[in-house]
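Take a look at this one chain, the form predicted alone, written out in structure tokens.
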Amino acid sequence: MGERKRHRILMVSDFFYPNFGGVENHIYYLSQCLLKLGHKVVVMTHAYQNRSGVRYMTGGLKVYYVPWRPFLMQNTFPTFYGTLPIVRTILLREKISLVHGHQAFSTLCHEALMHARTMGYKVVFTDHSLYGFADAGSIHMNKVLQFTLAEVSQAICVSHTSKENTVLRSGLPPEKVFVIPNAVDTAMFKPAPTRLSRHEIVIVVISRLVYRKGADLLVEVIPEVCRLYPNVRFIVGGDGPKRVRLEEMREKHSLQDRVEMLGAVQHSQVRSVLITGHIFLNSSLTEAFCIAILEAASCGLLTVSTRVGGVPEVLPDDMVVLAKPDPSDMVQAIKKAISILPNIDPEEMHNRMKELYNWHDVAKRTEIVYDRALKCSNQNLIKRLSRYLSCGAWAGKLFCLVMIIDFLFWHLLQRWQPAEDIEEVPDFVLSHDQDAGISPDNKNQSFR
């Protein structure tokens, strides 16, 4: 077998630490495992409050917090060409060979992939979410995605449902799209040392309290479950605009002693909340994968979840009870979960999760996608423009104009600041005895 090819990867997204979420965790853990495989990984994201410039994280992961401030929902304001100079500088300084963008909603991701293709780099895109086809926001987002993926080398989705959704939205050939699921750090998410008593059953909810995450369903489900089971208590972790409705529900039904509202929960504290419960409740209305379910299962909790998106693909049938996104059906699912709780062994569930989901396996599968992307042939500007023309009668022409201007701007930059005038940075090599692991507990060991 030939020697493994060493890639030099630039991860790009608006969503990264210190912000917390599924995309942020995915980029962080994937980057750490790719570093362990011998690849060079650099992350590019926007500035967060006073966190700007270059930082190093656990394992020698280098992060460029570029001086752009979030405009809406942690996204930077779309500039089309404003990011080209800094993207070009990073690509040349770090001697990058491949650009990997994350999340369809990330403005920085779309712009970086566009500039990378203009400069002749191979690009890979990972879609982490599901989008609709009918509302104005989805129609706009799908057209932007079609533009970005017109020239993508390879794409990755986190579930088969997500792949089908992405292919339909972007018109990307299915053979270019790979399915690589998320994973969980089982070393961090362990069951409680001693099994909990079942005299009082605790149901845990950890989620952003927004419409998409089914917060309105919780408002109807929680009172009914509390009425049916006097020994059931809820712990709700998370914050968002729908928190007010949950607070009102708790007051209306006098459930202050049975529904505990924790507010926002730091990721490092998620395990300590999970291990206080028996059942994890996920009420999402749309979900491409849901890492929270993996974290709960790794802690030994039985999961009750809505049957939406890629959720049915996540866990084996004996580890999850699925329900329609309907209050009465969810109540029935919780009743079923309570009845089978005596058969659940948290340690056995944790050991099964170790075998099913592993970030090192995700990294190795992603490495194969990188290998395939780098084998894709380069095309001249004329052939590239023909792909954009197929994106629509008017949109196709507009996309071509955008790419032509980007191409001219890139050549102008090459004349103004030739590549040989940009200093290449030496690689940061971390010895194995310095590597403290990939747990997020160590990620704050960053410095300028």
Partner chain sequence: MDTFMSEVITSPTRPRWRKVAYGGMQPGFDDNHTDDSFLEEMVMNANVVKRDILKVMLDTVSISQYLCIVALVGLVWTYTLRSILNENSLLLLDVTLLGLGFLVLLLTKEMLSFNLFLRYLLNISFFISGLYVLAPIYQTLTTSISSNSIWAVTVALLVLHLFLHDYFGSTVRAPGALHNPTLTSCISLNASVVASVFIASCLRSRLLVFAIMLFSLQVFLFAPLVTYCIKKYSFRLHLWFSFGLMIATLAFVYTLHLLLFVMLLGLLIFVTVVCPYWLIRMQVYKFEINGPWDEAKLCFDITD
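What you see is a predicted model; the values in this text were computed from it and never measured. Numbering follows the first chain given and starts at 1.
Here the subject shifts to the form predicted in complex with its partner chain, a form of this protein not shown in this document.
- The closest heavy atom approach of residue 240 to its partner chain in the predicted bound form falls outside 4.5 Å.
- Its partner chain in the predicted bound form is not approached by residue 85, whose heavy atoms all lie more than 4.5 angstroms from it.
- Although the partner is absent here, residue 74 sits far enough away that none of its heavy atoms falls within 4.5 Å of its partner chain in the predicted bound form.
- Interface membership of residue 337, defined by any non-hydrogen atom within 4.5 Å of its partner chain in the predicted bound form, is ruled out.
- Contact with its partner chain in the predicted bound form, judged as any non-hydrogen atom within 4.5 angstroms, is confined among 74 to 82, 184 to 192, 127 to 135, 274 to 282 to 127 to 135.
- This chain appears without its partner; in the predicted bound form, the one residue of 212, 93, 227, 140 with a heavy atom within 4.5 Å of its partner chain is 212.
- For the residues 147, 234, 289, 105, the 4.5 Å heavy atom test against its partner chain in the predicted bound form is passed only by 289.
- Contact with its partner chain in the predicted bound form holds for none of 8, 406 and 418, as no heavy atom of theirs lies within 4.5 Å.
- Of the residues in 136 to 175, those that come within 4.5 Å of its partner chain in the predicted bound form through at least one heavy atom are, in sequence order, 160, 161, 163, 164, 165, 167, 168, 174, 175.
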